[in-house]
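In structure tokens, the next block holds one chain alone, the form predicted on its own.
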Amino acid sequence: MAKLKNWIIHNPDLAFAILLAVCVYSYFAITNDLFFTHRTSYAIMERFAVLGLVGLALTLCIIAGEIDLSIGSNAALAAVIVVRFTDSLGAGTAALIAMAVATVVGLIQGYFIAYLRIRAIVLTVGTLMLLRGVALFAAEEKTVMLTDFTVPDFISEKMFVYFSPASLLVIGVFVIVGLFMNYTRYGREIYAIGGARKEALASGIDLKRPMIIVFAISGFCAGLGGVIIGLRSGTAQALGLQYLLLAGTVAAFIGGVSILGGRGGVIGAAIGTLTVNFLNTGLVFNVTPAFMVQLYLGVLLMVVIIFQTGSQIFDTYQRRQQILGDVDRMRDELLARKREVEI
């Protein structure tokens, strides 16, 4: 119990994210008999395969103190490319091209953000509109469709009861990115530029490297997500996937990433994504109107933000009390030494 208490004290946002996920899942499992089934769990993991990638990408961007508003447009472009060229080039080649294009877009964005020292929210708004235009051109302003559904059938094939090749691939991406963020120098640099950018730059960290890495990962995740949803559905629209940005942002913040940057992680991104999927799936089972789904997501996000704000205020108060206590102790020691000298 002591270890658990210490872990909760040191990871309050992640602990709250886990508690929130358990509460949401338990509520729908108790109130709806269809929710607590193998089929529903499989459907949740299928949605995790796309939303999880977006939540992961946005989590890394927010940790670095930025945000990628173009991620939905990048995913839509990747979906259009893979669907458009699968019949002529094959699914593997088309998927590689789509992910390469999305990753290069992320690289370019990261370079310009670091080189020009501008906020990502400014640049990625322009990229969002640019990529929508490119996607419309690539799709010839119409919905593109596959004619061979062999690959879609394969990536949606059920494996180990709850998973598919797509969801297993995404879980693998989470593991690799988690190891990268926690056990490499480049991952620690990403945390540094988000939590204390001026100090990180003063210590000699080059802003270009971590920023390019973050946005390259974001582009790759967007591309992979677009490829999965394009091949799985067999269709793609240039103006589709607009919901991914909002849902992914909610998932990132529910997972405990700090709006100030420098805090958060891959485990939190996974938990936040699952929480959003639990809520969406449960509300669909309850035949909830679409506007109410958005309302519940907004309320959930507000609860998380209020908790994070309260947690930061409490941390600040604790640090202030500790500093005051140290000052009082030093004062008492100095007064005691002064009395000894006078005696």
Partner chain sequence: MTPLLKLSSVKRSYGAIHALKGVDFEILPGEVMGLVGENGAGKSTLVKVISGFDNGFTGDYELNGAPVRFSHPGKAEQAGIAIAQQELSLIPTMSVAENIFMAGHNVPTFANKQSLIKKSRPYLEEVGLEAIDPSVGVDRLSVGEQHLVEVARLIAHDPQVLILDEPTAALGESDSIRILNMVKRLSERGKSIIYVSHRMDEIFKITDRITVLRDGESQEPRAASTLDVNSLVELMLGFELGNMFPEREPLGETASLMNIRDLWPDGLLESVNFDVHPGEILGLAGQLGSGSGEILAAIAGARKTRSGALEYGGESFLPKNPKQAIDKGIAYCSEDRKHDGLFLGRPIRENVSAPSLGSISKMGVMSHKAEASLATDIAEKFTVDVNRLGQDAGVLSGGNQQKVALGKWLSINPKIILVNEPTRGVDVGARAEIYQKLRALAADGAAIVIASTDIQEISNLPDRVITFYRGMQIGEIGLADMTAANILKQITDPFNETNL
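Keep in mind the model is a prediction, meaning the values are calculated, not measured. Residue numbers count along the first chain shown, from 1.
Note that the form predicted together with the partner chain isn't included here; everything after this is about it.
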item	value
Segment assignment from 202-210, 264-272, 215-223, 98-106: heavy atom within 4.5 Å of the partner chain in the predicted complex	202-210
Exercise: residue 192 in contact with the partner chain in the predicted complex, heavy atom 4.5 Å	yes
Residue 160, heavy atom within 4.5 angstroms of the partner chain in the predicted complex	no
Heavy atom of residue 182 within 4.5 Å of the partner chain in the predicted complex	yes
Any non-hydrogen atom of residue 196 within 4.5 angstroms of the partner chain in the predicted complex	yes
Members of 294-326 lying within 4.5 angstroms of the partner chain, judged by heavy atom, in the predicted complex	319, 320, 322, 323, 324
